[in-house]
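Below sits a lone chain in structure tokens, taken as the form predicted alone.
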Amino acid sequence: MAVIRDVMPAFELFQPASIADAQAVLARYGADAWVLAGGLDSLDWLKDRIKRPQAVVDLGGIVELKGIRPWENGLEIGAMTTLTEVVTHPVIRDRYAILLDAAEAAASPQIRNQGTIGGNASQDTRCWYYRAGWPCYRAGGNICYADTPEAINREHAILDADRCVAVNPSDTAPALIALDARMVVRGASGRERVLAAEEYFVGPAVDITRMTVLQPGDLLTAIRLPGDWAASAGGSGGAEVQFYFEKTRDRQVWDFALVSVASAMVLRGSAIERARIAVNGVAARPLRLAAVEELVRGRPRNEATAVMAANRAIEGAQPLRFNAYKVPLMRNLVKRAIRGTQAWTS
């Protein structure tokens, strides 16, 4: 486990007032710069002296990174918007309640007051070997300590492992994927690119040292929620959008997910017209269950469909010594996401 030293290594602190100023500092220091959002993850790294940046760039004074505003037929959320603002925003409550549920589940009220949605989506894995400074694959070494016969790997991956078996810890990530959110990234050159949420997160097969596409000098500036999956976007003829979010954890007040699921479904009568479903806590990136979405398309929303979907979701799972419980747990969460809160006869 990590040795808590509580004395941070020396670094230069920058508090820019604009995105351009922030990126100028990031460009100057490159990989030796550290971006500080709410600071809840960063301060752990710095106090444990595992990360030793030369410069810390505090984004707290950049007004353009904050706030929730209309965007086309949906919303744009600044990356530095706090989780509390997300939870209390009336439009998110009425049209994107799944994101409200995910943000509320992320932490206690005190932590939500400080933590940001960009920080929550972009945080690093919580694998204790990696966080304690062990020279694993993710840290640039040549071994995964969590994937050995003696390892403690109760919270690690059951899907898409490639050398590293760490999991993504974000609560908002699967909800953003279910909502087909767009992540706005400003590159070091100032060029802006917009990525689908599922493309923003990367697994070890792409880059074992990162969990997102962000490279040194990049900034996540905003998250855009399109209107296509908003609660009022079902269309005519009796169609409606329904959401489901559930997070299982060891402690109910504040803890990281063992497994979580988020789904958005357009229902026409009792049939599933289309769906987006994502899970987290089972792989190094939040996984969109595209095969499950295709399976349930056009089927009745009943027990038989839920069972088929749940069984499809866990295909290919490869549990480790201590996390086999995640397989039935994921199966049941997907089943409940298909069922929703209603009760039917199959």
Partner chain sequence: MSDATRRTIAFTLNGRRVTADVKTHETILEVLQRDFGLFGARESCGQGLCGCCTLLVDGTAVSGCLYLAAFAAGAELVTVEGLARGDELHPIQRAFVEKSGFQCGFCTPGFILMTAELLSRHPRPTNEEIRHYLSGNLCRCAAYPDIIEAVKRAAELQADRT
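Residue numbers count along the first chain shown, from 1. Given the structure is predicted, the values throughout are model-derived calculations rather than measurements.
This next part talks about the form predicted together with its partner chain, which is not shown.
Subject >> its partner chain contact at residue 32 in the predicted bound form, heavy atom, 4.5 Å >> reply: It does not: once its partner chain is placed as it appears in the predicted bound form, residue 32 has no heavy atom within 4.5 Å of it.
Original post:
Using 4.5 Å between non-hydrogen atoms, is residue 11 touching its partner chain in the predicted bound form?
Top reply: Because a heavy atom of residue 11 falls inside 4.5 Å of its partner chain in the predicted bound form, the answer is yes.
Original post:
Just to confirm, residue 128 within 4.5 Å of its partner chain in the predicted bound form by heavy atoms?
Top reply: No, residue 128 is distant from the partner.
**OP:** Indicate whether residue 40 is a 4.5 Å heavy atom neighbour of its partner chain in the predicted bound form.
**Re:** Yes, residue 40 lies within 4.5 Å of its partner chain in the predicted bound form.
**OP:** Tell me, please, which stretch of 212 to 220, 154 to 162, 267 to 275, 252 to 260 lies within 4.5 angstroms of its partner chain in the predicted bound form when heavy atoms are compared?
**Re:** That would be stretch 252 to 260.
**OP:** Would you kindly say which of 224, 95, 112, 89 lies with a heavy atom within 4.5 Å of its partner chain in the predicted bound form?
**Re:** Looking at 224, 95, 112, 89 one by one, just 112 meets the 4.5 Å heavy-atom criterion.
**OP:** Could you spot which one of 294, 64, 303, 44 gets a heavy atom to within 4.5 Å of its partner chain in the predicted bound form?
**Re:** After the contact test, the surviving option is 44.
**OP:** Sequence order please: the residues of 305 to 335 with a heavy atom within 4.5 Å of its partner chain in the predicted bound form.
**Re:** The stretch does not touch the partner at all.
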